[in-house]
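Taking the form predicted alone, here's one chain by itself in structure tokens.
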């Protein structure tokens, strides 16, 4: 494959007819959106919606910003920002080239270039996929963590920020000084009320910098969204398969599923792309949709990832094939999560649950359980603990949800069931390892984890039924292992 030319504006004309390509002049596209966190999910989701509309209005091109690593910039810049989207199901792949990312920046290398682009009048939206940990907040309260090292740095060095929050507030400050209206903030991360959480955090940060600036930030538009598409990490095998089909090298193609969903609150004072023409749904209040997705899809995903990894399943599809897993996940969604959801008139909830099970079983997606298992301390409050709180208030059962939490604790201790080390990726990995070190009794392990009030709050650790449910679930995992625990759920 090394003899192939690389995908770029110069070589795109040589693609086979079976590969779709942009239906607009790539040279006319200008930046209207700065996206913080230019990872795989954004390039499979928001960038694809935007790409479909650039023939109608080419002023909505995307400047993709990496906040940590230059990896994405280094892969895509030689390709003029172009990349391949491979939509996969059990019948094969549908390939298309996406051209909406027209500029790539690496924030640690040149924060000033990022701030200039964010402060430019042409930038009307700043969107984010920075994962839960990128918000530098307390997941249990949704408030700014003023002790976070990046926040401490950014308050002391506002012109050279490290965090997304620091970049946003400094860019708004520069726009205010130049007489330019603030951009719209558009969070596309899996947080309940993500727009409201983001607004609260940036306002708190601005307040710590300058109360007058905070008064401006408090009025910045920050609509909430719900996003959904499964996007596994790209492998070298994926790159080889795409190159073979394209006849061109692509350093970073994106693999994804046919399903996609984007629900957005309508609040864009400086305008927006007509994303509804590409299938997005605009609503007054996104909360019912995001609760449904966070608790059903993401809650199930985390549960099956921890249990599946511990049982030796490398991918989601492998995990779903384990005896008892599908029954566990279906029961979790139907019996424990669905009763906690707000009503969506006209929405077919049983059909949505069935569709989720089908998506999880897609054999073409090599979505690794280890990838989903990352950052559990940041994800569990939204994905599982909120549902548990609602079940506790209702006096209802939550054994399956408790098993998901216990499986995270079992996983996060850092040794698998054969005693091999697990590469635990979590902002609190070192803290968790220290908490559970040298403890083998389920009750003591649970009590150690429940000291993490930034994850569990103060209410759940004080709940005797919650503690008892976790001890029972963890005891079963430690005694019997994940595979045997799952088999007990077989229909």
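Positions refer to the first chain, counted from 1. These figures come from a predicted structure and were not determined experimentally.
Omitted here: the form predicted in complex with a small molecule. The next part is about that form.
Want to guess which of 291-299, 328-336, 235-243, 102-110 is within 4.5 Å of the small molecule in the model of the complex, heavy atoms only?
Looking at the partner contacts, the answer comes out as 291-299.
Report the residue, out of 383, 272, 391, 137, that has at least one non-hydrogen atom within 4.5 angstroms of the small molecule in the model of the complex.
Partner contact (heavy atom, 4.5 Å) among the options: 383.
Among 76, 317, 197, 230, which has any heavy atom within 4.5 Å of the small molecule in the model of the complex?
The residue in contact is 230.
Would residue 372 count as touching the small molecule in the model of the complex under a 4.5 Å heavy atom rule?
The answer is yes: residue 372 has a heavy atom within 4.5 Å of the small molecule.
Are any of the heavy atoms in residue 224 no more than 4.5 Å from a heavy atom of the small molecule in the model of the complex?
Result no; residue 224 lies far from the small molecule in the model of the complex.
Using a 4.5 angstroms cut-off on non-hydrogen atoms, would residue 379 count as touching the small molecule in the model of the complex?
Answer yes; at least one heavy atom of residue 379 falls within 4.5 Å of the small molecule in the model of the complex.
Taking 4.5 angstroms as the cut-off for heavy atoms, does residue 190 touch the small molecule in the model of the complex?
Flag for residue 190 set to yes.
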